[in-house]
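One chain comes next, on its own, written out as structure tokens in the form predicted alone.
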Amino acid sequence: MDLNLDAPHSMGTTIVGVTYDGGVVLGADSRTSTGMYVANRASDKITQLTDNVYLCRSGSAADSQVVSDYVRYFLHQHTIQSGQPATVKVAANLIRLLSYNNKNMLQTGLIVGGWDKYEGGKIYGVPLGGTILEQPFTIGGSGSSYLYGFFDQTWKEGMSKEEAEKLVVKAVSLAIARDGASGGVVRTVIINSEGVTRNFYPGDTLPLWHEELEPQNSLLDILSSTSPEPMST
């Protein structure tokens, strides 16, 4: 089997952004792959841009990292010049500008989320090509294919912070169950007028769906648990 270890690092990913009554919740899995090989099982795909704006990254790890680095630098300069923190809309439009102007070279889809005193909690999706979409919730990455119907049914306006975070964790765990390129742990970031809260959910604490196997310590545990009973005569 060819693992293709020379392939570009890709965060074949599940990323989620949800607004609630008072702020936003961002969530992501933690698997980074190189071909069929898992290069990093605990990567952090939610990157801080400013004190009040965060970015969920999917697609090429290198592309998304360089975009976030550029945007963080430009937003820092903007804050110094204007004397106040950048709004979520400013950060999202800057990402849109970089993505669109370099659309022939970048392979990354991004979700921008944050809170500011002018518009409150906002979520923007910036998919491949540099389009910008303001939405009450948005999903991205390879695992998002399994989540559209789920969000259509379960998302609702006016959710509490706890309801929104529970929805994000459930969505990412559902995608992990179906998508081979998503896995590891679930990280969430809650942003509101009170600040930022980061939470971490280890893989063995996530709910199991469908016919998922429970976490095992070794391959021998799996083999012994699935071996058939001896036939009786």
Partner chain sequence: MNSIDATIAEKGLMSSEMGSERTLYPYVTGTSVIGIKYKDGILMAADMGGSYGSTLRYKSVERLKPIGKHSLIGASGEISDFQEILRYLDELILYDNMWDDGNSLGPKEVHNYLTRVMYNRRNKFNPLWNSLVLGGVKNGQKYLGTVSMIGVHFEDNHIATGFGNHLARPILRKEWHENLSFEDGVKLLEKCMRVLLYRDRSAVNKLQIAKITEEGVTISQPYSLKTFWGFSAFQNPTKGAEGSW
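Numbering follows the first chain given and starts at 1. Quick caveat, the model's predicted, so the values are computed rather than measured.
Keep in mind the form predicted in complex with its partner chain is missing from the figure; the text below concerns it.
This chain is displayed without its partner chain, yet in the model of the complex the stretch 129-137 from 80-88, 156-164, 129-137, 115-123 comes within 4.5 Å of it by heavy atoms. For the chain shown alone, Tyr73 is not a contact residue for its partner chain in the model of the complex, no non-hydrogen atom being within 4.5 angstroms. For the chain shown alone, Phe150 is not a contact residue for its partner chain in the model of the complex, no non-hydrogen atom being within 4.5 angstroms.
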